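Single chain ahead, by itself, as structure tokens, in the form predicted alone.
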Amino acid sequence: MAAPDPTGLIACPTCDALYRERRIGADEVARCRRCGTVLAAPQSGAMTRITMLAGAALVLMVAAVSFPFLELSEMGLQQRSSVVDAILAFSDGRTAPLSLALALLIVLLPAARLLALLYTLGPMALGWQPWRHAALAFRWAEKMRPWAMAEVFIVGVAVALVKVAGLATVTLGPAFWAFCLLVLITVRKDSIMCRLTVWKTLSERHAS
């Protein structure tokens, strides 16, 4: 018996159930019958919105790194710190690898993922042909997604602030709010991105 032709099949990323691919209209949702995972959920104008959100998130990332993050004051003494200061705090001795990990997870990888998404989706949002290696850029953007942990950093900061608030006066700087907006925009961006639609659009426009 001949093996089934894999062309035109999609697999559920959760349970690996196979389905025959069919065209899904804008604002329709295709779910796995076995586990309920969303397989595709294209939205009208989503590519343009994702591009704009990724651009805004990249600007916020620059602001979050450039401006003061918070200020501690107690008995006339003040200490202002930024995200860069938090990263460099572990740069001496045996904790140097931790400093590198912080830089990668909360700054470099999130920024690289945003750049990869802009490189992939920006030209197509403008109606142009995808740029060279756009598929590779999107593949790397997807691989970096679990490791871009700006939102985990904010949660950790919030927990630490609860403990520090009783010891000193804490003033939140503009970088803190930039990070918060960055997290909200990232969540929104990922929620409206239909990865299957992106791959199909890349394939169709490369073939044309």
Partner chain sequence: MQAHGLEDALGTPRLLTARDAGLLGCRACGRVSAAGTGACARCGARLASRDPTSLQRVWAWWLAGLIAYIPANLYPMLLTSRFGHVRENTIIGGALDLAHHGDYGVAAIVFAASVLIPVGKFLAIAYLALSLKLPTALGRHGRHRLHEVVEFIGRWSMIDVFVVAILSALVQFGFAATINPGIAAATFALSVAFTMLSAQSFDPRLIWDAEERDSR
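Residue numbers count along the first chain shown, from 1. Keep in mind it's a predicted model, so treat the numbers as computed, not measured. Take the two forms, find the largest set of C-alpha atoms that superpose within 1.5 Å, and that set is the rigid core.
Same protein, other form: the form predicted together with the partner chain, not shown, and the subject of what follows.
With a 4.5 Å cutoff on heavy atoms, residue 11 counts as touching the partner chain in the predicted complex. Residue 52 falls outside the set of residues with a heavy atom inside 4.5 Å of the partner chain in the predicted complex. Mapping the unseen interface onto this chain, residue 78 counts among the residues with a heavy atom inside 4.5 Å of the partner chain in the predicted complex. Among heavy atoms of residue 174, none comes within 4.5 Å of the partner chain in the predicted complex. The three marked residues, 90, 156 and 164, each reach the partner chain in the predicted complex, with a heavy atom inside 4.5 Å. Here is the short version: of 62, 181, 26, 152, the single residue with a heavy atom within 4.5 Å of the partner chain in the predicted complex is 152. Counting a residue when any of its non-hydrogen atoms is within 4.5 Å of the partner chain in the predicted complex, the hits in 179-205 run 195, 196, 199, 200, 203. After superposition on the rigid core, displacement of the C-alpha of residue 17 between this form and the one not shown amounts to 2 Å or more.
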